[in-house]
Structure formats: structure tokens, C-alpha cells
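Alright, here's a single protein chain in two forms, structure 1 and structure 2, each given by itself as C-alpha cells.
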Structure 1
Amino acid sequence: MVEEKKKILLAPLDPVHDVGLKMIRRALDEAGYETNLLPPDLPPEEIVKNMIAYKPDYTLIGRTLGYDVETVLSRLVDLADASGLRPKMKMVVGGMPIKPELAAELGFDAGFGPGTTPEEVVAYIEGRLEAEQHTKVLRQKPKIAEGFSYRFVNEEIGRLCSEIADEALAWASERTSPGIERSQIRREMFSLQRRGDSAGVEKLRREYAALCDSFIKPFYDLGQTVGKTRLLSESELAALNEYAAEAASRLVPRRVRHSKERPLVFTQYGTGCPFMDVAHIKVVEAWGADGVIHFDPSWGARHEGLLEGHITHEEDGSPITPENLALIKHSLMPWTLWQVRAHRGLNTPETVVLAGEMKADLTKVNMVYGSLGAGTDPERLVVDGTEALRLAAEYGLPYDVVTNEELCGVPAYKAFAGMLIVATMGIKLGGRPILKPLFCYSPEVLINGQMSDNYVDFNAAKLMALRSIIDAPVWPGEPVGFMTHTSDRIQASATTMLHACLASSLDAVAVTISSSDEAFSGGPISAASRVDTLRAVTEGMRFFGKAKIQPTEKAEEFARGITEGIQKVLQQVKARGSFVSALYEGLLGNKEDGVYPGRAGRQTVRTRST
């Protein structure tokens, strides 16, 4: 609401292009301001005459720059000052290629370049926007998992999930593991660190080391590096801080979405080196990503214990350590959502502790995928995963439950049954799970032909099925369309964009996209390829806006099949009477599907009484 009606004079200095100012005028009119749009291409003297007569609070000038146009603009500013107008009137210039530096040089109070929205100009006039960092202030951190009741629409499936979850939670509550014990020690270490008790921290560190395996233990006992890692040097850290600060100071993010607030767009990082990770994060932040997901090395899931310190890794995956995560957190723009994955290995509860302590926004937990598709013993991961779900609820961290086992060949309905069991366990523990089915050209569809005509119907069917079961957020993963990529970056960008737009059309809360070279890079991915897909998705979102992609009637048929399949699997699991046994026995995915129970952490679970 406008308390005192400000007067805005809009002057297109450009002989032809005044569309931008017309759009801004409309936004200002709608916001309740008094506006006066002058005819295009008036000489500076005539504009100043109008300023004197109209007495505006703001004058907005629109002009595309060419050589010598800046002279005209500076004359206008000069005449306004010499006419005594400037103390009571702010002058703003917008157009190509206006930057804040050029606006300052020309004598304007603010300058808006290409991509500025009318809403941003209104926000500036209303004082909601710092002139020097307008988009930074305007962007707020979005909330991803709010606005859902988590109530089952399909009562039968809800009943089955609830009963299975109750059994699993009761079973897990009587058990513990080295992973849980390390998470408790790590949590206590943070607590002692906050109190400045370094001797206490060191004592706990020794206890922690005793719970690590032979791969991790030498790091704590002997100070030896592990695998292909090394510590970042002081000068590298100083350079990183300098780089991150400078990049942040210059970062003016683009907007990926056009007219919708969702889906939030996530990208993944995990180059191995925290420095490179920060560089990649800065690139995707600048090109409009809403969130980033931390990828750790594959060995991080297989070994008991996490490392400490600022550690860089020669290969893919950046080690999860308190210091590395703090470094990443420090580099993030205030609006960027940050997910630290904890879903699949022997350090699952501790990773949630680290995510919570480091103020991450999201984590990831799925005991079914982790134990069938990622090599962790089902019994161990159900125990650890349950603790992780409890910790996530305690830290207030939403988490996604991803069905990566689809990539191994597990049919969607079977993977979704597992996802719904884990989500129900999380809901019962007070958490906010996000369902994450894959938008992928999976082995299931390759064999059975659900995508022989199009990629729309079966992907849409997944969301339609889940929505018919439960009112919960859905975030297609991960990354969407990845299995349709080729080494052609244009093709990869196009298919990523189309999958993301399908997620938007289906009102998903978020979508994860890859770079255009992620499938075929054969090593580190390039920053430019990240821009490829973000630009492509931006164009796609602009093209579709709120318009829908219309699936064929096959989608409903697929959705019914998935829902029926989920129900049958849940009935089998319920009949088995043990969630853990169901995992071992392949009810949620078996060797024929392409998965088998993992072995990492086998026989490490103990009952709490012992």
C-alpha cells in the first residue's frame, strides 16, 4: 500500500524502444503510484522542463547505450542538477548495457540492466531494494516442504504404510550401531566446541577414532591422508575466501522461473575439491539455481567414519567433513538452498548431524535404495536411517526420499513402495519428507516400452500415482532426463529443459538438473555446461509459463498400474511382517530387477540392551 502517492516521471530517451518503460509504468500504476510517461526521444532540455513542471519524486530514463548516448544522459543529469531538481528527485536509468558503475559515472542514483523485472524497479522505489545489490535483497530463501498435510488420500495404502512403518520403527528403536554412536559423539563434539572445551573435544575425537574402520582410523591415529585426498593449504584457503567474497560481491543472479514460484531448480556439485565446488556453486547461483546438492565420494558411504579438516579429493565427490561443509556454507548466497545427502551409507546419522549443525536446508535419506542399490547392509541401514530420520526431524531438516534404485532396474511401483514406507516412518517421527521419484529413461521402460512413444506419459504417471496416494511434496530427480543425454551438449540441454518443464507442468516443488556434459564428461564437468542447462531451462520456463504439457490417456493407465503395483508390494511386505526381512528377501527389489542387499556394515548392529 502506498501511504503517500509518489510521482514517477518516465522518459524514454530511445527513439524506438520504450516497451520497458511501459511495462514498468504498468507495474507502478498497479502499485498505486502516479505516473507520467513522456513521448519517446525528447531532448534533455524538454525532459528537464517536464521535471520542473511535474515535480516527480523519481524520474526513470530508458535508453539503450551506444557511443555518445552516454553524453546525452550525462547532459540530462547535469541540467537536472543545475536546475536545482536533484535534492528532491532521484534519477534512475535502465537499458542495455547499464551497470551500477556506469549509472554512478553518469550521475544517476541507480541503474538497471537487462533482465530487470518491473517488480524490481517497484521494489527499488519502495525502498525495499538496496540500489547496489537490488536482486540480492529481493531474493528470499524459498521454503520447499511447506503447505502439505502429509495425509494419505489412498486409505488402504496409508494403512499398509503405517503398519509397516510402525513395525520398522519399533524394530529399529531396540538397536544401535557404530554409525549411531559416532553421530552421538560428533554431536557432543560440536557442543563442547561451542563451550570452548578443546580437551573434551580431543578426548571425544579418540573415542570417535576407535569406532572408525581401518581405512579412516589412520587419519585420526597417525595423521595420515586417506585415499586420494590432501589438506588444502593456508594459502589455498585464503585464496578461496577471497574468491568467494569477490564472486559474491559481483553476483547478480538471473531468474530461472518465469511466472511460477515452483519448481525450485537444484543442481549438484561435488568436484572433489571444495575450491572448485565453490566456483561451480557461484556459477549456478549467478545463472539462477535455487539450490545445490553436495555429492561426497562413493567411498564415503562404504567406510565407517568421516574425516575432518579442509580436505580436497583428486576424484569426483567432495569429502564430507565439518570444515568442508562450513567452507561451502560460508560461500553460499543467503537465498541458496543447500542439501547435504545422507541417504545411503555407513555414516548416515552423522551426516544428518553435520547437515543440521552446519545449517543446511535439506538432507536426503532412503534406506531402501541405500541397502539395495548402494551397497549397505539392510539391517544396518534401517537402524542408521531411522536414527537419521529422527535427527532430521530434530534439526528441522526436510529430506527427500529418492528412488535411485529405478536406475538399477527396479520398477517404479516397487521403488515407490519403499519410498512411501520410509516417508511414513519419517512422518511418524515428526519429519517433513519429500517424495523424489526419478524422471528417467530407466531400464524398466527400456524393457517394457512405457516410453516408446514419448517421455511424458510415464513420468507424469509417477506424479499422478503419488498424488493419488498422499498429499506430500514431490521433487523429480535426479538429475532429470539424465538417461536421455548424449555427448551433444545442445541435445543434453534440450532434453534437460523438457524434463524440467514437465516437472513444472506437473506442479512439482523442485527439480534437479544436471550439466550438459555430466553424463559424458569422463571427468570433471565444466562450468560452461552448467550454464547450458540453466539457460535452456530458463528459456523453457519462459516458453511454457503456466501453460501445461498434456499427457495422453496412457498416463492415467500407467498411473493406475503404478498405484496397484505399490499396493501389492506393500501387502507383501506387510504379510512378511518385517521390513528388514522384506529388504533382504527382495520384496522391494531383487536380483532380477538388478539390485541385491548390500554387505557394508553387515553384523555391526547391536541391540541397545547389550
Structure 2
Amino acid sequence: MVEEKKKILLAPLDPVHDVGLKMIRRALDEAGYETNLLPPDLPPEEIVKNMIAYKPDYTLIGRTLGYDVETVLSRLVDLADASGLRPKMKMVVGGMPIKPELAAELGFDAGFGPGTTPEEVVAYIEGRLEAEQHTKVLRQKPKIAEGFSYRFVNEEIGRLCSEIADEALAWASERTSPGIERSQIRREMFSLQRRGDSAGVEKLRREYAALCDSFIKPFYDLGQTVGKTRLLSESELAALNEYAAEAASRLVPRRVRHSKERPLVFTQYGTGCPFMDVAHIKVVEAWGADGVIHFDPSWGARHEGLLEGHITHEEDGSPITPENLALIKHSLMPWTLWQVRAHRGLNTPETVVLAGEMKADLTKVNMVYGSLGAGTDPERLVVDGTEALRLAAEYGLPYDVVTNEELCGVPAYKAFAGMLIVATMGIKLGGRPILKPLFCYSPEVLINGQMSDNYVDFNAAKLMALRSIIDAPVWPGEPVGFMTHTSDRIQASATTMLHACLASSLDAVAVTISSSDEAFSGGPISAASRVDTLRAVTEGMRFFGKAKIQPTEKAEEFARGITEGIQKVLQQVKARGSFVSALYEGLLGNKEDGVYPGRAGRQTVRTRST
């Protein structure tokens, strides 16, 4: 309840349309204000007469029709001025044709455009929104991994995961790699930079370059950029910073969810160009995305070492450099969650260092998928991945453990067994893993027909199985609907929305969505296609609200099969006695499944010196 009962006059300046003002009146009444709603179709003179008689603290004008907007509204303001009312009250206008700039130009104290909620208007009247920023939603950065015990509900699977994780951690603790050494150097470089020790930084940079391969090393030794990349010019950087500031000042975020706080909605960026990355980020922020994920070039995972500087890339994937990440961080809205993924290559530990030093909110680590489906040697990635898990815990970075079974034919139960082992390793190191199954029409489904009737049951079964095993956050991606989409943008948007709503129905903590042309564009992803899917998801969330999508009894059957399969795979890995050997020998995915041990970084692991 408000301390002082302010008087609010509401006046629809249209022949019929007053629904919006009625909704606002209800919110104001519930908040304890005195309200007076006038009938529609009153001329400006009649509205001013009611202002004089009612003596409101605020007059809220609603305008839905688009014709004569400026003429009618300016006349109303002029009449209020002539009557001596303006110094005594605030005048606010809202409706379909209204923009804050137009409202200010016409003399109103504030203007609310399309998509404004009654709660925002109440917040403005209560002084919780600045007049010039009234359309910005009051948002706090959500904490995605809080509220979970990480306790294994399935004790037998928990025991197996724990024993396998203990063996893997002990094995990795005795070994190191060039990637780990570079991560240590990079961390020390940040420390020296903070102390202003430029000579010390340059000495470490030479040591760093000695640990890079022939693809990266010329950048440090000779100043040569990697093929298809170049450094941004000073004028380009100035223009980018100007654009980011202007976009942030004008950004009016929409709300994706209707009546629930979760799932959080993430999108990926990685155009290659920092300018385009920032532009796409501002678009998805404006259309309600809660978080963005940095998507790096595939060559960044295959080569020893990372670059430095503000670097643009001609192809998909934005190079991970301290400067590029700092630029992206600076462009984000305060509430936007930011993930810098580090899960699959030869720079995994160093990328976690960069994510932590650049104050990212999340990272991504998965040594099983990365070593079987993304080309990195299993031995190398278990060593580096273990260090990445330790660093993530030290920096306080939650991280997802992705399965991405859609990229090959690995059955969900095998992919989940590997995911649970990695998650358990992270938990033992003090981290906060997030389980990331995929909701899609995957190769496994194509081969075995689990979706012959519907797309709900098998996707739901994945989450149901994981929930029956461990109390941990689940985040479907990356992205949902992949391989379910076609080249038709409407179909791709619709299937994205349906998969996202299924994640919402199953109470997932988050969901990653694609753009409507992401898998089929054959070129750059357009900002319009990002809006396609965000708008579709918004409509789907509004349609379902807190209502549930009901799987059939088949989902329980699928879930039991996945759980049983996970346990059998874990038993095989435990019997083998070596997590690394299990990866090489195909226990967590083999050539028949479409995966094989990667080669990048092979024979680069060595025993730590005592």
C-alpha cells in the first residue's frame, strides 16, 4: 500500500479503446491509489474540465488509434497548460503509436509504448522508474544454479559416478599440458597488468608464445594475424563504442515469459565481427533474451594458443581474446547473463581464465563431447577439462555440461553417462554444473523412431530421467529444436517455440534457442531471424503460461530406458577402471554411433614434475 493516497485520473482519448487503461486502473487500485476512469471518446476540452474538478496528482492518457496523434495530444497539453494545471500534476501518455521521444516532444512527463505492463506504470508513479527510462524493465541478473543440492537421488548411479570421478581426478592431478601452462601464464599476465608491470607482462607474453603452435605463434613473434582475421581500427572501435552506448540508452526490453520466472532464454552470438556481435546482442536483449553465449571459431579449439587484440573474423565464430571479451562485456545490459564457452579444445583452461577475469557469468566444460565429437584428444581434454573445472569453481563460474548428441548418433543414455561423470568431477572440485541435454529430432531418433508419434515424449523423458538421478539444474540446448527445423522460417520459429515451451512445462532453469535461419542460412544470420524466434517463444510462453504440456505414458517408459542405459554404461566404465581408456575404447560413444577419439593435442600430456 502507498503511504499517501494519490489521485489518478485515467482518460482514454479514443472512440472505444479503453482496455489498457482499465488494466492499469486495476493495478493502481490494488496498489492503494484513488482512481477515476473517464469514458472513452471525450474531447480534450472535456478531459481538462475533469482534471480541474478532480485535481489529480497524475493524469494518464490512453491513445490506441494512430491518426492525428500529435494534433490531438498537443491540443490536450496546451489546454492543460492554459488552465494552470501542469505545475500541479504529472501528465503521462501511453498506447500503440506512442514513443518516449514523441511524448517528451509533445510536453508529457512520460510516454509508454507498446508492450508496457500495468506494473511498469505503477512503478513509475511510485518513483521506481526514472521518467526518461520508464520503459526499461526493472530486472535483476538471475542466479541460474542456486537452490540445488546436487545430491544423487539414484544412489547406485551416484556411487558409480563418484568412483569414476575419483579415479579420473586422481589421474588428471598427476598430469599437465601446454594448455594448462598457458592458462597459468595468462592468469599471471592479468595480475601484472593490474599492477602496471608492463615489462613483466611482455616477458610472460614471450613465454606464452613459446607454448603456441605454428598457427598462432607468428602472431606474437611477427605480428601476423591469422588467416581471415584482422585487427579493428581505432575509428572502428570508436564507432562501435558510440553505437553500443546509443543502443543501450534507447533499448526497451520486452518480457519473454508471461507468468513464470523461468526458463531463462539464451541465444548464441558469434558472427565473427565484434561490431555485428554487439548489434545482435542489443537486438536479442531488446526482444527479451536473458543471456547470450559466445560462439568461437572452430580453429580456436584445434590450435595451441589464443590471440590478443580487437580482432574481426570473416567467417562464423568470434575469436576469443581479452580485448574482444572486454568489449562484449562493456556492451551488455546489467541484467544480461553472459556465457563464454570453453568446453571442447586445446585452450579450455585458458578460456575459463579469460571468462573469470572478464567477469562472465557462466562457462561451458565437457570433456566427453569435446573429445569424441569435437576433435580433441581424450587424454588431453580430460587433463585440461579437469583444470577448467577447478578454475571455474575458483572463479565462482557455474558451467553447463553439454551433450550435443544431435551432432552424431550417440544415444542419449551414453551421452548422459558422460555428462554425469563430468558433472560429478566438477561437484567434487566445488563447482556448480548445469546439465544440458538436447531437445531435438536427433540422429538417435531418426534411427530408432522414438518420435514417430510426437516430439514431446522422448524430449521430456530426457529431463525426467535426469531428475530421477540427481538434484541439479537442467538447461536444454544447444540450441533446442536443432535438426527439427527446416529452411522455412515460420516452421523453424514454431518448432523453436514448441521446444522452448516444453522446457518451460518441465520447469527447466533455462533454454537456448536459435534464430530461424541458423542452421540453413548458408551465410550470415540476420537480426530479423533472431527476432522471429524470440517473438515466437514470447507468444508460446503467453499461450501456455503456467499450464503444462502433458507427455503420454510412453515418456515414463523412455525415461526408465535412459536411466537403465546410463547405469549400464557407468558400470562398464567403472569395470574398465580408467575414464580416459573408456573414452578411447568407445564405452561412452563409438564409431558406430558416429564418434571417435579426437586427434588435436595428442601426445602433449606429460607427468607433473614433483
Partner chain sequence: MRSLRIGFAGTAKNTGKTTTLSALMDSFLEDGWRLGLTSIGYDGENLDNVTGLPKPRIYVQPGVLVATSTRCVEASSAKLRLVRETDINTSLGPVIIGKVEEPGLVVLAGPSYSKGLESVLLLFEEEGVRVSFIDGAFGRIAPMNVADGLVLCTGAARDRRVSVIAEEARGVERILKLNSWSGSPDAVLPQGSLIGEYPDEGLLPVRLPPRGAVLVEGAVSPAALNLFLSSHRELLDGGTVVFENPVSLIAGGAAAENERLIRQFHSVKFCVLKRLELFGVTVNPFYPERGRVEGTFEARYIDAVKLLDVFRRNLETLVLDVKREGIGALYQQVLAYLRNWEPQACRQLYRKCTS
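Rigid core (definition): largest C-alpha set, two forms, superposition within 1.5 Å. In this text, all values refer to a predicted model and were calculated from it rather than measured experimentally. Here, residue number means position along structure 1's sequence, counting from 1.
When you get a sec, tell me if the form predicted in complex with the partner chain is 1 or 2. Of the two forms shown, it is structure 1 that corresponds to the form predicted in complex with the partner chain, while structure 2 does not.
Tell me whether Phe544 is among the residues that move between structures 1 and 2 (Cα shift of 2 angstroms or more, core superposed). Not so; Phe544 is displaced by less than 2 Å.
Take the rigid core as the frame of reference and indicate whether the C-alpha of Leu204 shifts by 2 Å or more between structures 1 and 2. No, the C-alpha position differs by under 2 Å between structures 1 and 2.
Align both forms on the core first, then report whether Thr35 has a C-alpha shift of 2 Å or more between structures 1 and 2. It does, since the Thr35 C-alpha is displaced 2 Å or more between structures 1 and 2 after the core fit.
For Ala53, tell me the Cα shift between structures 1 and 2 once the rigid core is superposed, in Å to one decimal. On core superposition, this C-alpha lies 7.2 Å from its counterpart.
Fitting the two forms on their rigid core, what distance in Å separates the Cα positions of Gly95 between structures 1 and 2? Its C-alpha shift, to one decimal, is 3.0 Å.
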